[in-house]
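Below you will find one chain, with nothing else, as structure tokens; this is the form predicted alone, and questions on how it binds or moves follow later.
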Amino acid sequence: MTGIAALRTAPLSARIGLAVVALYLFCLLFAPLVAPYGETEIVGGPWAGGFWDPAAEGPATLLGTDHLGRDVLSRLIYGARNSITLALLTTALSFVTGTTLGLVAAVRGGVVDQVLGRLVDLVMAFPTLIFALLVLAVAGSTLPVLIGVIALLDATRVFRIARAAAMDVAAQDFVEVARLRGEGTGWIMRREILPNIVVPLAAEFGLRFCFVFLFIATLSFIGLGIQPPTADWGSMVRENAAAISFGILMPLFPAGAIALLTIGINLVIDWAAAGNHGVSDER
């Protein structure tokens, strides 16, 4: 079934999820064009109301301003670009690392499998948040450190999934035939095993992206994620949390943006997983 035909037969929930993801990707790609104001531009007084507030100071803003007078809608749009790009880079790095090591462990087996497995168990023995807080507190909350530590933590989960899926395929006859032909480990990994585990890994990529995205938002909320003045939804909630005490709803907008993206991706993943009929034996 082609992609267009699959979309036509997709359930309503999947279409809603795809629409949400498409909207966020549009904001990611064209943030400077669609945002009414600059990412750090001051457009009014602190926590000025949006279109519903006739007493709002400064230029009219759809969702109001934050604690420094910056346009909330513009910050949300730029936050989509910053948060999603960072989560995608981190998830991609964790998948490349975890999948590669998982395939090596499954194909080589023996001592290699045991050593890699025990190293992964060692990293997973530390509580994820505590491990990240410790590393970020020592090394600093720079973007390379943030990407590296989250990718390392997430790669352990990817390793287990990739190894389990690869072990099932490695036991098949066509893999044994490739070994008897004298094919190397790298060739078997790329040509025999990886094509047969792409579907479960693709579904897992979406789930891991959600976890990484929420984890980055959590770190930003406690001040160790993306640093100001860069727009980030987690830090926007933290910086404006006090507004709730005054009946100002501004912190709910970035929180809602986080929740909506997570729901949209999960709707798409559920649809994709429902069409997964297992591992293929085709080569």
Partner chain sequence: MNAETASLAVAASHPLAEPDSAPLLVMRGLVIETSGPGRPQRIVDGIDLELHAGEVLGLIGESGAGKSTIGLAALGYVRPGCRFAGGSVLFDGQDLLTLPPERCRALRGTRIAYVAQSATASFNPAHRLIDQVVETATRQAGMGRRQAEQDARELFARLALPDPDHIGERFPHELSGGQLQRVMIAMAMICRPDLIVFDEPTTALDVTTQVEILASIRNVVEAFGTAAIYITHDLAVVTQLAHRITVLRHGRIVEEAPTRAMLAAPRESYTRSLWAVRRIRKAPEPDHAAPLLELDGISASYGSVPVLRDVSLTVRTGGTVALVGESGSGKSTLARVVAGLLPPTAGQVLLQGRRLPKALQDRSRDQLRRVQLIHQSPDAALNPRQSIREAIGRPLQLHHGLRGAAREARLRELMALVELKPELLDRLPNALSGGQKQRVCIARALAAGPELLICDEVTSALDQVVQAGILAMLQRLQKELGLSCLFITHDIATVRAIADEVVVMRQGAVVESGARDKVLETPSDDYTRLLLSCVPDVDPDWLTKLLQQRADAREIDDAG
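Positions refer to the first chain, counted from 1. These figures come from a predicted structure and were not determined experimentally.
This protein has a second form, the form predicted in complex with the partner chain, left out of what is shown; the following refers to that one.
Given the stretches 105-113, 79-87, 148-156, 196-204, which is the single one in contact with the partner chain in the model of the complex, using a heavy atom cutoff of 4.5 Å?
Going through the listed ranges, the match is 196-204.
I'd like to know whether Val177 contacts the partner chain in the model of the complex, with contact meaning heavy atoms within 4.5 angstroms.
Taking the distances in the model of the complex, the answer for Val177 is yes, it comes within 4.5 Å of the partner chain.
Indicate whether Pro144 is a 4.5 Å heavy atom neighbour of the partner chain in the model of the complex.
Flag for Pro144 set to no.
Should Asp168 be counted as a contact of the partner chain in the model of the complex, where contact means heavy atoms within 4.5 Å?
Asp168 lies outside the contact set for the partner chain.
Decide whether Gln172 counts as a contact residue for the partner chain in the model of the complex under a heavy atom distance cut-off of 4.5 Å.
So Gln172 counts as contacting the partner chain.
Select from 179-201 the residues with a non-hydrogen atom within 4.5 Å of the partner chain in the model of the complex and write them out in sequence order.
Stretch hits, in order: Arg179, Leu180, Arg181, Gly182, Glu183, Trp187, Arg191, Glu192, Pro195, Asn196, Val199.
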